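Read the single chain below, which is given as structure tokens and is the form predicted alone.
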């Protein structure tokens, strides 16, 4: 198969990056992609390839097989096991075990009859309907991209990849599940004294209340360990949102003197070596930190050239999809699901990804069957722990409707923390894990 140099760059996800900064090993890897053989034979019927085994991808794989067992469903995920971002903040504080967050990819694949491929996606050719992995290429009839997010350190460090890597390794954002969470937990448990800074990413970003809940859970550990220090939240917004009154009450009533909230703190400069952050609200020195840069759609959406552009033709950083069907505007055979999407008021949350996944599964199954289907709108529920001893939580839930041609949210928030809501947090998580894995 002959692939041009420009196409090779797209296969490894560098898009418009010039050849002068593309390393030789990367280009060599791209050349190997072009020579790979098929991992699976061509589909005999309808094959749906799902890239990303998070909350959206797992849900779509299961529900496609439930809708139509004859659909050939292939789920590709680079991780060997599932680690949940939702409920990871209580885990940081030792309120739940690691087993509560970790799950086996093989069990649902075996039960529902879809293929699980533990591999890395290296390239996507939409014209040939092929996904290239480190194990060979797979042909598809329909493609689902649900890769979650990636970090964008360029506003902080421009093209200095070494500094970006230093910040990620030493002050992990922990918005992508895995080693970053383990590193952050170790940092929290070993912290002795000083200022621990949390940087809230600018909107849109994965799980809007995550940083505020994380501050509570870190403060809980500091309180338990009698740490002589505090948690400082640097937020680019003017106030806490969502669930602002609930979080603020926790900071002022449960963790007074431990948590300091700083609004309107847009990042101007980050020096992770000297441990200084310059913001529009002042400069802050830190002892340790949870540094979260801006978020963007995961790498695979860029690789497939399906990123939306603004009025000036610049990439927005997020997927360009239909707000109702989740189909890529540039390719109706590709569906963009979960945290990658743009142009709709949906939070980037686990519950939302799961809800979208069920809808997309029905859309694809009905399309394969040649049936008309009017998709519903998804819903969302998000619990946040705001006290560790006793355990208490708050919650926001939302349904959505189309009004005057636009999708609008109808939200309900309970900001009064309570133990029943903490219990409901774990009940919700168990139900969601069961929905994806059992």
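What you see is a predicted model, and the numbers here were worked out from it, not measured in a lab. Positions refer to the first chain, counted from 1.
Quick note: we don't show the form predicted in complex with a small molecule, though the next part is all about it.
K.L.:
Would you check whether the small molecule, in the predicted bound form, lies within 4.5 angstroms of a non-hydrogen atom from each of 144, 319 and 357?
P.N.:
No: no residue has a heavy atom within 4.5 Å of the partner.
K.L.:
Taking the partner as it appears in the predicted bound form, which of 310-318, 146-154, 231-239, 358-366 has residues with heavy atoms within 4.5 Å of the small molecule?
P.N.:
Among the candidates, contact is made by 146-154.
K.L.:
Does any heavy atom of residue 79 come within 4.5 Å of a heavy atom of the small molecule in the predicted bound form?
P.N.:
Yes, contact at 4.5 Å.
K.L.:
Contact between residue 349 and the small molecule in the predicted bound form at 4.5 Å, heavy atoms?
P.N.:
Output for residue 349 is yes: heavy atoms within 4.5 Å of the small molecule.
K.L.:
Is residue 120 a contact residue for the small molecule in the predicted bound form, using a 4.5 Å heavy atom cut-off?
P.N.:
Yes.
K.L.:
At the 4.5 Å heavy atom threshold, is residue 175 in contact with the small molecule in the predicted bound form?
P.N.:
The answer is yes: residue 175 has a heavy atom within 4.5 Å of the small molecule.
K.L.:
Looking at 300, 93, 73, 250, which has any heavy atom no more than 4.5 Å from the small molecule in the predicted bound form?
P.N.:
The residue from 300, 93, 73, 250 that makes the contact is 300.
K.L.:
Consider the chain as shown here, without its partner, and state which of 337, 199, 304, 138 has a heavy atom within 4.5 Å of the small molecule in the predicted bound form.
P.N.:
Spelling it out, the residue with a heavy atom inside the cut-off is 337.
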